[in-house]
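What follows is a single chain, given as structure tokens, in the form predicted on its own.
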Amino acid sequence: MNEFSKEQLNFLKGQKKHRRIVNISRVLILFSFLFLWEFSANVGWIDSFIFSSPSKIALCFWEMVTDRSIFLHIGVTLYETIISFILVILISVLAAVCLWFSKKLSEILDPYLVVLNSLPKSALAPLLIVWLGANRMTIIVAGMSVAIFGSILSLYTNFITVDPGKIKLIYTLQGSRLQALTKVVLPHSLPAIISNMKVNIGLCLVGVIIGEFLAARNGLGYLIIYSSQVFS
């Protein structure tokens, strides 16, 4: 078994020290912010009725835990977010594949996708309620609308930037376009798909919350709106 050299041990110690400093700094920043917030509310620097305080938030959260109402709202929002996230991933991958297969189709739809992606998604929520009604499907669609167009554009852009030499090699070996997709494009784009998933889960949550602001009787979005109306 090889022993570590002195330089390697010093390097590892430096890495451990760096991670420890980073973790401690993160915790200190969080607790400093919470302390300043609580102190400001208690001494009257800020209006605790408007801005609340960490202690009041913790007390309210504990009351909702004891009566189990918080679990209902979290469960509803989590369910709607997961459904919209799964649909966004499936639809965006399939759409990007279709655009990659047909250059003419991609040229036709590209400006529409860009415009749809640039639309303010919060403005679509009232229209979705009119079109689909105030139900759970509307909230799921609202969650999808925030992420889906950007996801399609991002994945398609990644598909067409795959090394053309590798695709040409597939065709030289008498491979089909489907084989180029499955053997080169999709494996090469897997990191991009995973990166899209990381972004889309947050965007879907934002979209679901926006939908719950307007068309829900439970969920975290409904809870936020209700609490802001009664200042609780």
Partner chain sequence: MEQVLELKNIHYTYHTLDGETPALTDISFSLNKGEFVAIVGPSGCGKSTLLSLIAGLITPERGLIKINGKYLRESTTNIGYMLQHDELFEWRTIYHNVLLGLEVQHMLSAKTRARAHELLDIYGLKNFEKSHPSELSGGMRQRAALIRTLVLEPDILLLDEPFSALDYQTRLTVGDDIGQIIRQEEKSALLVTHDLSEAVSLADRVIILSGRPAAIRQTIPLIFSLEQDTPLNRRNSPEFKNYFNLIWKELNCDE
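Every value quoted in this text rests on a predicted model; they were computed, and no experiment measured them. Residue numbers count along the first chain shown, from 1.
There is another form of the same protein, the form predicted in complex with its partner chain; it is not shown, and what comes next is about it.
Participant: Work out which of the listed stretches, 176-184, 44-52, 60-68, 25-33, brings a heavy atom within 4.5 angstroms of its partner chain in the model of the complex.
Facilitator: Going by heavy atoms within 4.5 Å, the stretch is 176-184.
Participant: Against its partner chain in the model of the complex, would Phe39 count as a contact residue? Criterion: heavy atoms within 4.5 Å.
Facilitator: The answer is no: Phe39 has no heavy atom within 4.5 Å of its partner chain.
Participant: In the model of the complex, does Gly165 have a heavy atom within 4.5 Å of its partner chain?
Facilitator: Heavy-atom contact with its partner chain at 4.5 Å: present for Gly165.
Participant: Can you tell me whether Lys56 touches its partner chain? I mean in the model of the complex, with a 4.5 angstroms heavy atom cut-off.
Facilitator: Result no; Lys56 lies far from its partner chain in the model of the complex.
Participant: Does at least one non-hydrogen atom of Ile201 fall within 4.5 angstroms of its partner chain in the model of the complex?
Facilitator: Output for Ile201 is no: heavy atoms all beyond 4.5 Å of its partner chain.
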